[in-house]
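First comes one chain, alone, set out as structure tokens in the form predicted alone.
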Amino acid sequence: MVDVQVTNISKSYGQERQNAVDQVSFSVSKGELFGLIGPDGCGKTSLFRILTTLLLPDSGTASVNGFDIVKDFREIRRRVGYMPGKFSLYPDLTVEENLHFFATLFDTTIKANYDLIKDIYVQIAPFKDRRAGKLSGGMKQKLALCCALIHRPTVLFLDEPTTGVDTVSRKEFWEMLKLLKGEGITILVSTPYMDEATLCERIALIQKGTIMSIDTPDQIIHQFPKKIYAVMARNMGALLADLRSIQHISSCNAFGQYHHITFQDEDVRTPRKLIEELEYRGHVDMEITLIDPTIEDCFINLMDRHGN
């Protein structure tokens, strides 16, 4: 059963009508954890606002729980939960007051749906009398998620929920999403963090309003077209410049303490030849290793193929 269906949705802004979302199509099955992966400004938020009926598309159609986003917007608003990227709760209300307020909006109570939020709420319960604006980033995140769930939505939209929070809070948040998935809730999450892509069942890689690929993370990685190598040396800045000047290297990008490269020619002797060439140019402490591509490698490769 399909919970979210998007067909050729487009949205543009400004006098020049620049496309924020360009002919986007995808579907999300009931109970699926689906990720929309891409950098800031690629169209993720516009798409989520369209699907939660906060923004009208210029063209295309979409439905949530079988309801049309334009004609049936009231039904959709009753059924979905939405956690925007920017903290949007009332900072002068306490944790408990915010929860009570959002429960009242949906004509329900905290008690009625407490079983759904209890594993999250117990982590912020010690601060229930603290004003929301005084909470830490991780606690604000948990409170916002509780408020988005308090009416027991069938589909949950989370727009960059882990942006700006610490690593531990990010990990805890994804653990909470696994528990929610066990409740049968369909979850759509957007994120600029490529490492979070592997935590989703399926992902859509999006850039400049266009979806470049949709599949499971493993399948997207499996489709990477070439062998990829991690290279390092003592002077990484000079190494990057030299690697990009060598003709038989197809791509070269900096990844932390390594540079990731692919070759024009897949000759097995190429890595050894590369080391010899770089040593001739004065590089020392060289290391080159065949590695598995990451989602970020795949994203960059797809950007190059799409001319972005």
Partner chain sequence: MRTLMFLLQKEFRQIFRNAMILRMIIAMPIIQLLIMPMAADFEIKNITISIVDHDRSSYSQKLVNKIIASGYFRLNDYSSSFHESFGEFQNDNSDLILEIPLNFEKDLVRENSSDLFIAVNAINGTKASVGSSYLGRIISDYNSDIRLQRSEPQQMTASHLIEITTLNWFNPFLNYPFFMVPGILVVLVTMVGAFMCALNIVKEKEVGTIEQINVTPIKKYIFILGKLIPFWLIGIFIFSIGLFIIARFVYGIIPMGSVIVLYSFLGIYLIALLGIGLIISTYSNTQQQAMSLAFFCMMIFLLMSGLFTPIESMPEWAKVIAKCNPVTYFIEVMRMVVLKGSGFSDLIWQFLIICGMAVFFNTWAIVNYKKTS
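Numbering follows the first chain given and starts at 1. From a predicted model like this one, the values you see are computed outputs, not experimental measurements.
Keep in mind the form predicted in complex with its partner chain is missing from the figure; the text below concerns it.
Annotated contacts: Ser29, Lys30 and Ser63 are all free of its partner chain in the model of the complex [non-hydrogen atom within 4.5 angstroms]. Glu97 belongs to the set of residues with a heavy atom inside 4.5 Å of its partner chain in the model of the complex. Using a 4.5 angstroms threshold between heavy atoms, Pro91 counts as touching its partner chain in the model of the complex.
At the 4.5 Å threshold, heavy atoms of His283 stay clear of its partner chain in the model of the complex, well away from it. Taking the partner from elsewhere, Ala125 is found to have every heavy atom lying beyond 4.5 Å of its partner chain in the model of the complex.
Stretch 102 to 110 is the contacting one of 102 to 110, 162 to 170, 194 to 202, 222 to 230, since its residues have non-hydrogen atoms within 4.5 Å of its partner chain in the model of the complex. Checked against its partner chain in the model of the complex, the candidates Arg152, Arg78, Lys134, Lys181 yield a single residue with a heavy atom inside 4.5 Å, and that residue is Arg78. Contact with its partner chain in the model of the complex, defined as a heavy atom within 4.5 Å, holds for exactly one of Lys86, Lys118, Arg234, Lys71, namely Lys86. In the model of the complex, its partner chain lies within 4.5 angstroms of at least one heavy atom of each of the following residues of 33 to 53: Arg49, Thr52, in sequence order.
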